[in-house]
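Heads up, the chain below is alone and in the form predicted alone; it's given as structure tokens.
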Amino acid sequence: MGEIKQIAVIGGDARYLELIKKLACQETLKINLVGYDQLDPGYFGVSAVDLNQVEPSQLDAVILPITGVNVNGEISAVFSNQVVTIPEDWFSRLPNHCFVFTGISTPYLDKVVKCHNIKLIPLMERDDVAIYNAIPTAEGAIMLAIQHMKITLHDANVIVLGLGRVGLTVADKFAKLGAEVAVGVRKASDIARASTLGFTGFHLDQLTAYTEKCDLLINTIPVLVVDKNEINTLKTDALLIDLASKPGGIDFEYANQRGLTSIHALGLPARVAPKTAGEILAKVIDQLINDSK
């Protein structure tokens, strides 16, 4: 057996249950749970403790919630009856080799990293996590479309904005369900790429030429691309789904004024497939910890 590594999982949501389960199977990892007093830790074969029972200097990795740490040092712990607060000096006692995993960074964590030279890894900013998450995100978009559309996806006119990791997967999944998929992009090379993949590719400047017949518009671009001009051309029963991070790429206020159904679908993997989302996080974290040996 290799060297035992000490890990503290502090807070988290439903996807962390699968993450803990997967990491607990590793004989070389000893896991301490903080913020899980509502659960029976024996189910995972790990220890549930208070933060003051964890010695930071002995840790090899800290796993924080996807939402990080707020300005008061508090974390999201949905399986706890208590507010879990991490004082800044707690981070100062972590060894230099210790990884601190989070979903996104926050001003509090940015300050901690700067002051104490912490190895912070925002998982949601990694390409491998984004690629893995593209599938549950696309399936979540399909779920929302079925729930809110008044027609079938088969033969529906679907616009996907962006052909990145998520956009490509979304366009592919909807096309395989029989939708007529048009993809809006900025680069000529991406227009060609969309066409070779069987989609209708067009430049974003031409968006209004496609919105009149649109039944479903899905955005994956994290800047405003769907404003009043585009919204005014949409049918009254068109559905808008934004998969981009805040603030998204759709003028939601104006869409609501027009009576359109618009959904900013953040965190779909956790909502539609928390087990899969947890497995993805566990896979990436385990790989990074093992690669550091």
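Residue indices: 1-based, along the sequence shown. Source: prediction; values computed, not measured.
If you look for the form predicted in complex with a further copy of the same chain, you will not find it shown, but the lines that follow are about it.
- In the predicted bound form, a further copy of the same chain stays beyond 4.5 Å of every heavy atom belonging to residue 103.
- For the chain shown alone, residue 139 is a contact residue for a further copy of the same chain in the predicted bound form, at least one non-hydrogen atom being within 4.5 angstroms.
- Using a 4.5 angstroms threshold between heavy atoms, residue 124 stays clear of a further copy of the same chain in the predicted bound form.
- Using a 4.5 Å cutoff between non-hydrogen atoms, residue 176 counts as a contact of a further copy of the same chain in the predicted bound form.
- Contact with a further copy of the same chain, judged by heavy atoms within 4.5 Å in the predicted bound form, is confined among 141-149, 198-206, 160-168, 115-123 to 141-149.
- Note on contacts: among 10, 24, 272, 285, the single residue with a heavy atom within 4.5 Å of a further copy of the same chain in the predicted bound form is 272.
- Of all the residues from 154-171, the single one having a non-hydrogen atom no more than 4.5 Å from a further copy of the same chain in the predicted bound form is 154.
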